[in-house]
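Coming up is one lone chain in structure tokens, specifically the form predicted alone.
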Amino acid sequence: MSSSWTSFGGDLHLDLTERRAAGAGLRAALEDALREAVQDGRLAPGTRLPSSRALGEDLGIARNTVVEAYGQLTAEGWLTSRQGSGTTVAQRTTPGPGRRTARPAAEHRTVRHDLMAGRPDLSLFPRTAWLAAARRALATAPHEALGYGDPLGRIELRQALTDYLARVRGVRTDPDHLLICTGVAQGLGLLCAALRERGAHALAVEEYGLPPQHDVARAAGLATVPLPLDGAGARVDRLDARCGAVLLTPAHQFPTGAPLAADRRAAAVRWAREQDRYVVEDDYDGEFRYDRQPVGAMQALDPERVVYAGTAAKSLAPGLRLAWLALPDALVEPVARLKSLADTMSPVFDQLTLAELITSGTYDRHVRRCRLHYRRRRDRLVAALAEHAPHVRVTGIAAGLHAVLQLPPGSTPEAELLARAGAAGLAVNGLSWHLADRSAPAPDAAPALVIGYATPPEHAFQAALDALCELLRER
């Protein structure tokens, strides 16, 4: 009986058994299997096939059967055969059935200047330091680190983060209450699922925020209830018992840029205590404040009622997929259980490397370097707008990696402004994109853009500024 696979420097699945069962002869079954492999792209043009003797041995069939199948497929144009060169898959000019073709060039929008918010300058990633830390971490890692581990994450990183977050952000936690996740989105999804299990039906969110986070909450079965914003942050006095938790960005509201006032921090924690609810603190860029010391994490007000979410996406790179939750005691078990069901645990080597980077002090030095770099970027943005588009107001505190540019009432409508930006090769978002309820009318009719001034590498930043100022120049 024939096998269903062969190896010729790489493995190839050839299912002859089902074709034989359907009544095909052995040669016809082999021809059909090879023809299908060429058609669906598993055998790419130019691929050299095994010799008839080798394929026959792999499949447990007579060599002559393979020779005849090769001959038939060569005659049909699927294969080519040359004396001394063996048999290869023929070059074809048309894509095989089921293959996706490239979209026409007209469907692609050319982005010359990327000013999307929420992204760091990836050219700042400390490649040399990361590589050195990875080598040290791998050299000293215990053998058990390479196996299946605790869904909470590696103890080395949880211990390093416990010390770092206490020192830098004032977070009160310990390794047993920290969970490492592959991004804040995953952490929020796990948390919302755990709250849903506990009977929650809704999550209160800020009126403007990050739409993918709202999608995560809804995917976990929670409705989102927007809270109005003003100059002091979210109106937490509008919280009610319908919500099992509230998601806040208290250090630097995303995207409007206002910090949550002290009395509102206290009020949110008081609501959580009295209603047996939780506050989720997304501290996405708490390390980047430029005009003063950053406000400490509100988690310290009540670690049993505030879930702290942090990330390396802004300080290092989103591609690392490293984030963390500092959880109240009652949520550790359910969230860790859901994490183990989602993906068992987060990748080990990057956890060990980040732990080494933090404990060696390299991470602190890198953050300080980034803070100076982004502060200068923001200053250049503000200065350029003051000179070339003085009617535009930069709102929010001097912090983070983005700014909101508010245009006067009666200016070019936001949708038209975004269309012009796209035509000019500028990738930006309007403030209205961040609405938690985009079906409702925007609270403020004045157009505004959310500008990620961290995104372009240094050599491209001035050109991006020039293009932005040209877009916003009064006409």
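Residue positions are given as counts along the sequence shown, with the first one as 1. Since this is a predicted model, take the numbers as computed values, not measurements.
What follows is about the form predicted together with a small molecule, which we do not show.
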Point to revise | Partner proximity in the model of the complex: residue 224 to the small molecule, non-hydrogen atom cutoff 4.5 Å | key: no
Exercise for review: Using a 4.5 Å heavy atom cut-off, state whether residue 184 contacts the small molecule in the model of the complex.
Suggested key: yes
Check your understanding: Heavy atom to heavy atom, is residue 288 within 4.5 Å of the small molecule in the model of the complex?
Key -> no
Review point. Is residue 214 close enough to the small molecule in the model of the complex to count, meaning some heavy atom within 4.5 Å?
Key: no
Study note, to complete from the structure: The listed residue (301, 210, 405, 258) that reaches within 4.5 Å of the small molecule in the model of the complex by any heavy atom is 210
Point to revise | Residue among 220, 336, 79, 313 with a heavy atom within 4.5 Å of the small molecule in the model of the complex | key: 313
Practice item. Select, from the options 262-270, 318-326, 382-390, 68-76, the stretch whose residues sit within 4.5 angstroms of the small molecule in the model of the complex by heavy atom distance. Key: 318-326
Point to revise | Candidate spot 121, 400 and 453, all three touching the small molecule in the model of the complex (heavy atom, 4.5 Å) | key: no
